[in-house]
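What follows is a single chain, given as structure tokens, in the form predicted on its own.
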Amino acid sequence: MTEINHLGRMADFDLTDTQRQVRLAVREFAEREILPTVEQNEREGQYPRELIRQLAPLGYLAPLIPENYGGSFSDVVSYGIVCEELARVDWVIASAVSVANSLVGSSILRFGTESQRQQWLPPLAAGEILASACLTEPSGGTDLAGMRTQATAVGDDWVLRGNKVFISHAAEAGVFLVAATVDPALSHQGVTMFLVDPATPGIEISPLPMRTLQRDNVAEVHFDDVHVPSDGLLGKQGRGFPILGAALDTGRFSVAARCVGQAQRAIDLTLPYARDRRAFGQAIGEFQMVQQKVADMICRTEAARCLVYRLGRMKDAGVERCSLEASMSKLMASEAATQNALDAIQIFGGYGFSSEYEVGRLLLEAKTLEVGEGTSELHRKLIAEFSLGLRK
């Protein structure tokens, strides 16, 4: 049977030679260095810190941080390709890159003072520290305007009190991007952003038991009268929502790119299995209902990839806000990753639930991406409101 090179047939006809080289280089590194340890790290709950550190000298850790701060500053589409190819192998390592660039690094670069940039960006780019975004709260993650973590001005400093949950990379981070409110009654107009050293007294990081992503060490973070100096304020008091909006636009781009990588991984695992597995005297890939699932997996992945790359090209063209396109990309890509994992499990049959195969793990990890960075329900609401003129 002739094997089709799906990598060569992706919807990337407009990628530059450099972008194509980035894809091949990241994929080769990920398969050689990361893939052999993913399952073991998951079973043992081992955070892949050293593997993340290896990304820095290759330029894969800080694609959105300028070179004068130690990063490898590249175009946004190339950054998406890095996230896609890393996530195709390991969700957690791709997430570390995504948080450091889309949420934290880009926020510091765009809204921080030069002193804040000099303090945080070089160690982030070098892999000396990792970043964590403390946004989600026990009362809900989607309603950022309704957060309860309080920021109180005390002299020239600030005091933080409150709780954050489902925080990735918290125990490994060297900088927290923290969202708090100066007054819950002010809704989004009270939201204020801070850069906080996780070693600051009063911060308690506790493991949050999860059924998946054991190697990510997802945590709860408790702020108990945490004193933050005035130079820890990012932007201006009460102006945190625009910072979040800009960060989440880029964050949703990188999450969508990661989802495309996971959707592609489900395809890459399924095709050889469908060719090799035999039933009723023939390869199961010769049955029409299996072929239908394979075709659907490929089509939804290509459609999601097109949306993601379009969003990246818009950002490279300097479009200030791409919230509609970000929601479209994140919605379609996250649901493609989940449905591809479901279809892969169906094709694998009982082996889809075996620890010997990856596809069962892919399902739980993909489903988390339908919730993180805004649920599918939120994104459908945003897409409809933008289209109806109810939101600008």
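The structure displayed is predicted, hence computed values, not measured ones. Numbering starts at 1 and follows the sequence shown.
This next part talks about the form predicted in complex with a small molecule, which is not shown.
With the partner omitted here, the residue from 107, 78, 270, 168 that has a non-hydrogen atom within 4.5 angstroms of the small molecule in the predicted complex is 168. With the partner omitted here, the residue from 189, 152, 142, 118 that has a non-hydrogen atom within 4.5 angstroms of the small molecule in the predicted complex is 142.
Although the partner is absent here, residue 16 sits far enough away that none of its heavy atoms falls within 4.5 Å of the small molecule in the predicted complex. Mapping the unseen interface onto this chain, residue 253 falls outside it, with no heavy atom inside 4.5 Å of the small molecule in the predicted complex. Contact annotation: residue 375 falls within 4.5 Å of the small molecule in the predicted complex, judged by heavy atom distances. Under a 4.5 angstroms non-hydrogen atom cutoff, the small molecule in the predicted complex lacks residue 306 among its neighbouring residues.
Checking 81-89, 192-200, 126-134, 313-321 against the small molecule in the predicted complex, the stretch whose residues place heavy atoms within 4.5 Å of it is 126-134.
Taking the partner from elsewhere, no residue among 53, 56 and 228 has a non-hydrogen atom within 4.5 angstroms of the small molecule in the predicted complex.
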